[in-house]
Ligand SMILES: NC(=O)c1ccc[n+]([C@@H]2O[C@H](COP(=O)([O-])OP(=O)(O)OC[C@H]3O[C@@H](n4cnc5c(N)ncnc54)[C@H](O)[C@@H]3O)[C@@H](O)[C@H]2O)c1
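First, one chain by itself: the form predicted alone, in structure tokens.
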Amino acid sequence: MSFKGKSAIVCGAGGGTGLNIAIDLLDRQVNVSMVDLKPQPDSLNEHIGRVQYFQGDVTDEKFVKDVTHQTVSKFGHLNYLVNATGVLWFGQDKSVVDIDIDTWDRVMEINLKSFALTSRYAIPAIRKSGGGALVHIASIDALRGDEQPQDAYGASKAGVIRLSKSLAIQFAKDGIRSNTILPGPVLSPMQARWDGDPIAFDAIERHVPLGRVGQTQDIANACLFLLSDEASFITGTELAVDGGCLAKP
């Protein structure tokens, strides 16, 4: 997969899956604007000149607009947008009949509104560059219920799928593709609850048909494929990267 000379914005790039995706793109000669509320990671020095880091809130429209403008100003064009921003607040995010509605609203802002804002400003820039691709990280939780629900998280991720499909249809004529990735259980900072709980971790691994929990690299591999020209006839769809969990009865 050849990406040399391309430029990307990766949101949620301060750690976990987003950082993995950003580093993989940088390793393939992509110019990358990394965006996150977290401070800049220490691992970017070798990519100086092809990376810039923006620390801020992607639910802030002015911030998102500025990031997009500065990306185009520095790199000359924009080809890719990756939305990997997300929160999963165990203990706070629960059934819709119990959740604090302010928590519901904030999850929706971070997990869905931010994707709308980044797409709002990235798409015109990608169109001016002659086309490109968007990849949005959703979740298999968007497609199922749960006896121990995180209703705001699941509903926001279902919204991501719908938004992506709409963008795919709207901008196909401009050579812009939009797809979602649906991770299953993945070992990342979002799942810090597994730290120090080997019993729970073993139970999750037994639940996955392929017999292991996913790694952020599994999601990054899928993302780079969907961004690449090898996926040039794929748009408006969702790719489950879940070890087979959705296929279970």
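Each residue number is its position in the shown sequence, starting from 1. Remember, it's a predicted structure, so these values are computed and weren't measured experimentally.
This protein has a second form, the form predicted together with this ligand, left out of what is shown; the following refers to that one.
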item: Option from 25-33, 220-228, 177-185, 66-74 whose residues, in the model of the complex, bring a heavy atom within 4.5 Å of this ligand; value: 177-185
item: In the model of the complex, T85 touching this ligand (heavy atom, 4.5 Å); value: yes
item: Partner contact for G15 in the model of the complex: this ligand, 4.5 angstroms, heavy atom; value: yes
item: Proximity of I137 to this ligand in the model of the complex, heavy atoms at 4.5 Å; value: yes
item: Any non-hydrogen atom of Q52 within 4.5 angstroms of this ligand in the model of the complex; value: no
item: Sole residue of K113, R127, K94, R106 within 4.5 Å of this ligand in the model of the complex, by heavy atom; value: R106
item: Heavy atom distance at most 4.5 Å to this ligand in the model of the complex, all of L37, T59 and P189; value: yes
